[in-house]
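Quick setup: one chain, the form predicted alone, written in structure tokens, and binding and motion questions come after.
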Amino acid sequence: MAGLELLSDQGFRIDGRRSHELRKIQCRLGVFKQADGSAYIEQGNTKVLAAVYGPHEVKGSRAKMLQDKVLVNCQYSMATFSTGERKRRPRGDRKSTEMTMHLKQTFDAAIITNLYPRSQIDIYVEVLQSDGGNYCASVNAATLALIDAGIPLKDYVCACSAGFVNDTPIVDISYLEESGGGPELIVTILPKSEQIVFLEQNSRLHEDNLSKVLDVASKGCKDIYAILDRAVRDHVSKVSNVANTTE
């Protein structure tokens, strides 16, 4: 990373964005029919596929069954070809296990779990291409897949990262910016209530700068919410039109 300027004197980042600009986001719902809900999202060069199954009977040991709410089962994995290194990534490796736990924590707080007691919802997330912000793209894809499956949520669940370079907060950081060794804050919020459901900080950040970086990440989450909401409305409109033409 020596000699690589993450933020120029003119305020531009390596990929040409300003400090407050998100990477380009493209997303689709209902990308394959085998699942109850599915979605695909691209955030810059990070590409993620999410699939949701359920609610259904609890699989395996009935000891896992929760009497008063649904069991949320998550699985995060990365495709062998998702990064420049072509290495096998077993599903149970430490990073995948950690990401799986974070996703479960996030969606336990967002799904209206008491509607489906003694049942299970499965959320599968696969990173097809990795260029930073894997957790954030996974949350945003899983949110769309849950909406596609018709599972009631308290609100959209939107995640965004932020960093701090040259005394400037930067939003939605890429792999190169992550690799720079500076502080990174990952935030997941319910946009309407502004409730934070997940917060993680990597590397040290002075407390005087924390609120500035948190504000930038939260604003990024709200901008992502607007994009996801538009994608959902477009998808519902297309599905309605298809249904009307087939009647």
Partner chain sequence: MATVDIRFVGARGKKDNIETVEEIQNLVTPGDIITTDTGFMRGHGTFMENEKLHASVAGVVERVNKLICVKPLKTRYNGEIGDVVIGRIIEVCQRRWKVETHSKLNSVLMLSSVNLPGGELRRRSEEDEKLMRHYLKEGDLISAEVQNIMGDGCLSLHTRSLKYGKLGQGTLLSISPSLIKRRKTHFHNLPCGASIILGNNGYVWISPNVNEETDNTGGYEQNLEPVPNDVRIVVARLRNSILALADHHMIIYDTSIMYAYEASLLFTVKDMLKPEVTSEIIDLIQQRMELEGT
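Residue numbers count along the first chain shown, from 1. Every value quoted in this text rests on a predicted model; they were computed, and no experiment measured them.
Omitted here: the form predicted together with the partner chain. The next part is about that form.
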### Query
in the model of the complex, which of the listed residues (H56, K222, K69, K64) lies with a heavy atom within 4.5 Å of the partner chain?
H56
### Query
With the partner left out of view, is R118 within 4.5 angstroms of the partner chain in the model of the complex by any non-hydrogen atom?
yes
#### Entry: Proximity of I147 to the partner chain in the model of the complex, heavy atoms at 4.5 Å
yes
#### Entry: Distance check, K154 to the partner chain in the model of the complex, heavy atom within 4.5 Å
yes
### Task
Mark E178 yes when one of its heavy atoms lies within 4.5 Å of a heavy atom of the partner chain in the model of the complex, and no otherwise.
no
